[in-house]
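Quick setup: one chain, the form predicted alone, written in structure tokens, and binding and motion questions come after.
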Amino acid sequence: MFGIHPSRLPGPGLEFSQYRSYQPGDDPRRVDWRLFARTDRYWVREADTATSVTVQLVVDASASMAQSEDGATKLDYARLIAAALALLALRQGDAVSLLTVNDVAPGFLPPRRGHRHLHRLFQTLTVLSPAGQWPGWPGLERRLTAGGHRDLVIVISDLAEREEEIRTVAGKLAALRHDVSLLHIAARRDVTFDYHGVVTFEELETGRRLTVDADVARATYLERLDRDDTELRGACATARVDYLRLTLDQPVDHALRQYVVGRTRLR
């Protein structure tokens, strides 16, 4: 089965592209005999070929993904996004791999096709638990670059970083000519800071706590969030990384449509 990704190389395929004169060595089955009957010349049909790619799903499984809102955690949302993308990729003939990332119990499923692999991937996502932190690039490089070819890499994370480890992964993979997408999972309150009064926040990965007056801190928080968002989008654009922020209250089908349509427009 071929994937649906267009190839730059013409050849046998489904989408007609052009006719060209028959050359010694061409497969006779590609000769258009009806056109030969009209023109008394041998013409070969060429079509735009389709290729398959490997889709690498990289799911953040660090402790910060345990943050919940209205009964759903960031990891729950990431699971659904990853499972849906895996299903779409396998249905269109692409191989899919899964890398779950933390520094406690990372997991890896090598790229495969077929229903059994899909069920194994679903099972891995189902039992996945958030723990630890996102490791540095040296701990991930071997897994992410093992194939030696250019892949479609989709990183799903809340971007809770200490020293831009996740952005570094996306940037290095893009520099290696992979097609990289960064799906940023955020709680709605991460974006709106809809808190009131004195609130104590706990950093899930370190246990550090901070007590603030939310009404006083809101303006400063939103200003810094807007500045960081602008810088992140600019850095992704410079590195040729597709970036999309998704919030936990956004229906998964809408999120997937937004991602797919956005990629289509970019191409």
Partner chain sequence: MMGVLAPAWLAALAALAVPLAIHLWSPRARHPVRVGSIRLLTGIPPTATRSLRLRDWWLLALRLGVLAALVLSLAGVYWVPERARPATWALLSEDALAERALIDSLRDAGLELHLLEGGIPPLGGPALRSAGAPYDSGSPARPASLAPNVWSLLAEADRLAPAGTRFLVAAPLVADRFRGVRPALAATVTWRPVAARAAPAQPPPARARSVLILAAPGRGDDARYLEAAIRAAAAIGAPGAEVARAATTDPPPALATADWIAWLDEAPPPAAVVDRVRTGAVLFTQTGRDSVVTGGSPVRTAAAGPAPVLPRRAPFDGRGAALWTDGSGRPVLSVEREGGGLVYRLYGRLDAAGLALSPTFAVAIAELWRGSDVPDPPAPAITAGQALPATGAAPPARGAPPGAVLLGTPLWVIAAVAFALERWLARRVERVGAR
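Computed from a prediction, not measured in an experiment: that's the story for all the values here. Numbering follows the first chain given and starts at 1.
Below, we turn to the form predicted in complex with its partner chain, even though it does not appear here.
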The stretch from 234 to 242, 221 to 229, 35 to 43, 22 to 30 that lies within 4.5 Å of its partner chain in the predicted complex, judged by heavy atoms, is 221 to 229
Contact at V198, E202 and V216 by its partner chain in the predicted complex, all three, heavy atom at most 4.5 Å:
yes
Heavy atom of S64 within 4.5 Å of its partner chain in the predicted complex:
yes
Closest heavy atom of L85 to its partner chain in the predicted complex, within 4.5 Å or not?
no
For A160, is any heavy atom within 4.5 Å of its partner chain in the predicted complex, or not?
yes
Using the partner position in the predicted complex, report whether K172 sits within 4.5 Å of its partner chain, counting heavy atoms only.
no
